[in-house]
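One chain comes next, on its own, written out as structure tokens in the form predicted on its own.
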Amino acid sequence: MPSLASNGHAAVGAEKCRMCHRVQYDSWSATAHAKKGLDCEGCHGNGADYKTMPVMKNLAAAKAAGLVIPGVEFCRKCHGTKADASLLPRAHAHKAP
């Protein structure tokens, strides 16, 4: 499935995300998104330019390098008007703030 978060960067694949985001990866892998082939980059943008630790540790730099933080409007691309704020935390597990 192509990225829904087109960001003009090269893809690296979900396994690269798993290296640092294991909780999220494991949670995502059991979702309908995973079963339908929608991986991390499908929602967060291709990660070749934001995957390094120094960039990921700096949210502004990560966004500048292509990271997408999807919100409800993004979810509506596929889920239509059924998408609301309760959908976001169910996409995958999130680390405690």
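The model shown is predicted, which means the values in this text are computed figures rather than measured ones. One rule holds for the numbers: they count along the sequence shown, beginning at 1.
Beyond what is shown, the protein has a form predicted together with heme C; the following relates to that form.
Of the heavy atoms in K82, none are within 4.5 Å of heme C in the model of the complex. The shortest heavy atom separation between H9 and heme C in the model of the complex exceeds 4.5 Å. Proximity of A61 to heme C in the model of the complex: non-hydrogen atoms within 4.5 Å are absent; the residue sits far from the partner. Heme C in the model of the complex is not approached by A65, whose heavy atoms all lie more than 4.5 angstroms from it. For the partner-free chain shown, A32, H33, K36, L38, D39, C40, E41, C43, H44, G47, Y50, K51, M53, M56, K57, L59 of 30-63 come within 4.5 angstroms of heme C in the model of the complex, judged by any non-hydrogen atom.
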